[in-house]
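Same chain, two versions here, written out as C-alpha cells and called structure 1 and structure 2.
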Structure 1
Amino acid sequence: MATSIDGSMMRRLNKTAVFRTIYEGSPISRAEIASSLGMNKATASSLVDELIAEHFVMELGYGESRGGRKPMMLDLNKTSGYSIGIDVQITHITAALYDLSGTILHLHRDALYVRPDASAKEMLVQQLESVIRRTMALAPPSAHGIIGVGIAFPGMVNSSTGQIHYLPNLEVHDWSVHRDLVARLQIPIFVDNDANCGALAERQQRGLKQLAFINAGIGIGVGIIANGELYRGQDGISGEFGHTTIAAMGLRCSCGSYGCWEQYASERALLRYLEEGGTCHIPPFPSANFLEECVLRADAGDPHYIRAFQTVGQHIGYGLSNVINGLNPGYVIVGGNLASAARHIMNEVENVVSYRAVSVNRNVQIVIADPSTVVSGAASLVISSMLLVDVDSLADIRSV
C-alpha cells in the first residue's frame, strides 16, 4: 500500500538530504548540492538558507569560478551544537564531548563502582547521570547546546528500543536504560553495544564496507559491518562472539556456559595466567589500572607478564580466526583495553591467524584501533540518528 507524503514532509526530507550532503561533502556550493540531489536549484538554495538561519550551516566565502560567477561555498557549522559519547566498561566509564564534526573537545575517565549489596541498575544510572551532567557543563555556549548523548554498553543491547537485554559481567538483565536516563536528563539518549559503536566509528573513519571490530577488555564483543551497514541480527544483539565456545570442556563463563572465548582472551584471562604463573600482588578482579600496570611490567622485561600477554594473544588469535573464517571481513580492527598491549600480543595474534585462517582469509588486514574509537562511535549515534535522518527533529525536541 502506497504511503502519501504531504508537501511539509517532503520539504523536511529534502532539507535533511541537503544537510547530509553538506555534512558529508563540504566545502560545497548550492549548485553542487542541487546537482548531487537532482533538486531544483531554487529549492536547494531555499533549504540552505533555512539551515544557515538555524546555524547548522555557514558560508565560507567564494570558491573558484568554473566559467561563471564564483560560487559561495558552504560548510558545516561545527560549533552550533555538541554531542556526548559514553563508553561504559566493567571497571570504568569514559566520556567525551564532541562538536558536530566529530572533533573531541574534552575526554575524561571515571572508575565505575558497583557495590555487591546495591542494585547494579541504580548504581549505573546514578553514575551515568553524574558523568553526563559534568560533561554537559563543559560545552561552550551554542545555538543548539547538547543535542544528545550516545552510550556504548558491554553486552546485549537493542538499539532500536533502548533496552539492555543482558550485561554479562555486571549481571544486569532486562533494563530500559533509555527510559530511565531520559526521565532524569530530559535530552535525547541513544544506546548500543560497545563493539557496534567501534565498528560504526571505523566505518566512518576508514570508509570500509566490510570489517569486523573486536572490542577486547574484561569481555569480548564483535561489531560487524557488512556491505557498508552495521549487521545487528534479528533482535539487535549480533556479534556476541565472546560467548562462542573455543574449549568444549572449558571454564565456566559469567553467561552460564563453558569454554567461552572471552574466558581465555580477555583481561580476566590475563589475570588468571599471571596467577597460574606464580605472580604475586595482583588484584582478585582487574581494576581500572590493571592493564596499564601489566603493560609497564612487560615493557620492563618481566618474563611472567610477557608470557601472560603472549598466551592472551594466542587465544585472541584462536577466536579471531573463527570470526575471520565465518565472516570474511577483509579488515579486522582490534580495540578495547587490550589494544593498549598491542606490542605484547599482536605477534601471537597474527601468527595464529596465519595458520588457522583458511584460503584468502589469511590476507585479512589486522590493525589496532585508536583508544577513543568506541566513545567516538557512541557520539556518532547522535548525529546519525538525529541530524542525518531528520535535521528538524532537534527543533521538535526543543519546542516540547
Structure 2
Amino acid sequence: MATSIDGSMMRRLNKTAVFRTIYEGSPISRAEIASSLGMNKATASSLVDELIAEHFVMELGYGESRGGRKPMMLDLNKTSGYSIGIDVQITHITAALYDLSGTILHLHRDALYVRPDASAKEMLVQQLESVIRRTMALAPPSAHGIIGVGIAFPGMVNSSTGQIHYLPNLEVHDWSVHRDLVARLQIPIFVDNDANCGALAERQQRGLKQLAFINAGIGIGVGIIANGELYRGQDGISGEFGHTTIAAMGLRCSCGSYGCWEQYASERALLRYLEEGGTCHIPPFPSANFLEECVLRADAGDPHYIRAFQTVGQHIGYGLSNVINGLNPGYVIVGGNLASAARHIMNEVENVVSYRAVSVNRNVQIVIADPSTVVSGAASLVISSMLLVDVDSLADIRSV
C-alpha cells in the first residue's frame, strides 16, 4: 500500500536522517549535520535537541575550532539502551549484549541441548528464554533499557512474521518463535536467518550496498544485500544456495535433489572426504568441536586432513563463483564454522574463483568473517529496525 507524506512524517524522516548522520559520523557538530544533509541549521539544531531530550544523543564537549566558534560535538548516547543478539547453532547457542553503538559488552556461549523430536520447540524456547534473561540481567540500568532481542536461526525463517519454517538439524517445523518468546519476555523480538544476520552485520560494519555473506557450516547458506537492503525473497527464504546444483548428476541430497552445493562444501562434506580418504581417527560428528579437531590435525600437517580441506575449499569455490556471477556482489564475506579453517581452505577458494568468475567479477573482494559476526548481526536487527531508516532512496527523484 502506497502512502503519502505529511508534515509529521517529514519531520520523522528528517529526525531519522539526523540520527543516522550522528550514528555514522560521530563525533559531529550540529553545523556539520546541517551541511551534510543539505538542511537548514535551525532545523538540524531543533532535531538534535529533540534527540538529546529523548536520550538518544548526547553532547561530548567542544571540539577544535576551524577558524571560529568551537563546535559542540555530538555522539550517540550509547549507554542509553542495550540490545541483545543470539546466534542459535546446532550444538551451541551464543548470546551477546551490545550498547547502542554496537559495542559488545558481554559474550557468552552455551551448549545447546535439543532432541530433534516433538519436544524440540519446548526445549529450544526454554533455553532461549533462560539465556536471554541472563543476558538482560547483565545490562546496566539505562533510559531505554533493553530495546530488543535479535535471534539468528540456522534455517528457513520468515523474519516479517517471526515464523520458523524449518530448522533442518533440529527438526523444528512451522513454529512462531516470535509469539512464544514475546509471551514469555514481553520485549521486542526479531528473528532472521543466520546468513542474513551475517550479511546485515557486514553491511553495517563496512558500509556496503552490495555483498554476499556465505555461512558455511554443517550446511551452507547465503545472505544477500542488494541495493543496500537485505534481500529476503518472496517468502523470506532466499539465499538457499546450499541447494543449488553444482553437479547436475551428483550426489543425492536430503532435499530431494542431486548435486547440491552443500553436499560438497560443508562440514558434512569434510567428513565424507575424510572417510573416502581412508582417514582413521575421525572426530565425532556433529559435535561442538568436530571442526576444531580437524583444523588441529591439518595444522599438525596430517595430509589426509589437509587434502580434505582443500577439496572442501575447491567446492566452496565452485558455488561461490556461482553466487558471484549471479549477483555481482562486489564483496563476499565467508563466515560460519568453516571460516575457522580459512587457512586451509581459502587458497583453493580464491584460485577457483579467479578463473570461474566472469569479467569484473574477478575483482570481487573475498574476506573472512569474524566469528561473532552473526551474533552481532542478530543484535543489529534490533537497532536497524528501530532506529535507522533509509532516506537515501529518495535522493534521485526526478520531476513529474
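If you superpose the two forms and keep the largest set of C-alpha atoms that fall within 1.5 Å, you have the rigid core. Residue 1 is the first residue of structure 1, and the numbers go on in sequence order from there. Quick caveat, the model's predicted, so the values are computed rather than measured.
Comparing the two isolated copies of the chain, the second one is the form predicted in complex with the DNA. Rigid-part assignment between structures 1 and 2: H106 and G236 are grouped in the same part by superposition fit.
Here the chain acts as two rigid units, and between structures 1 and 2 the smaller unit rotates by 13°. Here A31 exhibits a Cα shift of 4.6 Å between structures 1 and 2, evaluated on the superposed rigid core.
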